[in-house]
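Here's a solo chain for you in structure tokens, the form predicted on its own.
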Amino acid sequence: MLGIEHVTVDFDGLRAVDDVSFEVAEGQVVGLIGPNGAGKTTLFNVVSGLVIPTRGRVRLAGEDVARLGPAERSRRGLGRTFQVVKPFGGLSVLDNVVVGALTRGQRVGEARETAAGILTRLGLERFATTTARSLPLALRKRLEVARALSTGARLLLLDEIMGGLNPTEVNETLDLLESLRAEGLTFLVIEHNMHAIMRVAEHVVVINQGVRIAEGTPEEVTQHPEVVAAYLGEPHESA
């Protein structure tokens, strides 16, 4: 579903991402972890078309999308959320999702039907008429997922979707991701919550200072000496 091939990104002499390669298979949940400033969001920006890499390629479902912008990548099934959620605050929750559905070329009536169905899938239907800016953080993050899904996304990039949530909200979000994965969606997830990564991801990629330093199952990477030194600080044991 996604192939990242030798991606390097330089910003005015600063190397933010250094020769990173990995793949995300269809139907897989892959976690992308690393300390703050490691280059995770820059890598997301490369995949979504917001940043053009200095070197390397990105493939979506086998297609080289290096020459395609964010809109074209979205039309090919790529959806994304952002660490800082920015809904259309003055619009209702339903209309926020309608905006995404309209990018598929749907007419307004059809887009509203699509949006209503997605709100039901994500447990947001009772907030359909609520103004988006009035939602609490957990629901605004869920709205970001709904808006991404409304574009017809098959691969979702989730940037710290559980950041700032309490334990109950984290578990609810994990339940949501597992249900969406059961529908056949594919995920690449940036997350600092190791409990969440251990539960939801079957494969984890670790980057530090722009370099991929480890890759494997959650259990493997959390015992990897370089990961322990750079990110965890001490060996991590799951319950």
Partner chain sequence: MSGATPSTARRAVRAVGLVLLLALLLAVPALLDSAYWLDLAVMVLVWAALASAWNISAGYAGGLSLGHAAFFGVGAYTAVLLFNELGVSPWLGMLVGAVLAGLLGALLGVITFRLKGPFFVLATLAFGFVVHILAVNWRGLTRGAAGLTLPFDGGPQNMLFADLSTYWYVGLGLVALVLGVSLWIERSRLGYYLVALREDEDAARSLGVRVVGCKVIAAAISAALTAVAGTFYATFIQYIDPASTTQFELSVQIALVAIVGGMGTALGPLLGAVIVIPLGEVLRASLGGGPALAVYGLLLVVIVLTAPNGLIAGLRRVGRRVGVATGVVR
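Keep in mind it's a predicted model, so treat the numbers as computed, not measured. Residue numbers count along the first chain shown, from 1.
Omitted here: the form predicted in complex with the partner chain. The next part is about that form.
Stretch-level contact analysis of 90-98, 155-163, 134-142, 117-125 against the partner chain in the model of the complex, using heavy atoms and a 4.5 Å limit, identifies 90-98. Using a 4.5 Å cutoff between non-hydrogen atoms, E72 counts as a contact of the partner chain in the model of the complex.
When the partner chain is considered in the model of the complex, Q83 lies well away from it, no heavy atom lying within 4.5 Å. The closest heavy atom approach of G105 to the partner chain in the model of the complex falls within 4.5 Å. Although the partner is absent from this view, L50 contacts the partner chain in the model of the complex, with a non-hydrogen atom inside 4.5 angstroms. Using a 4.5 Å heavy atom cutoff, R112, R147 and S150 all lie near the partner chain in the model of the complex.
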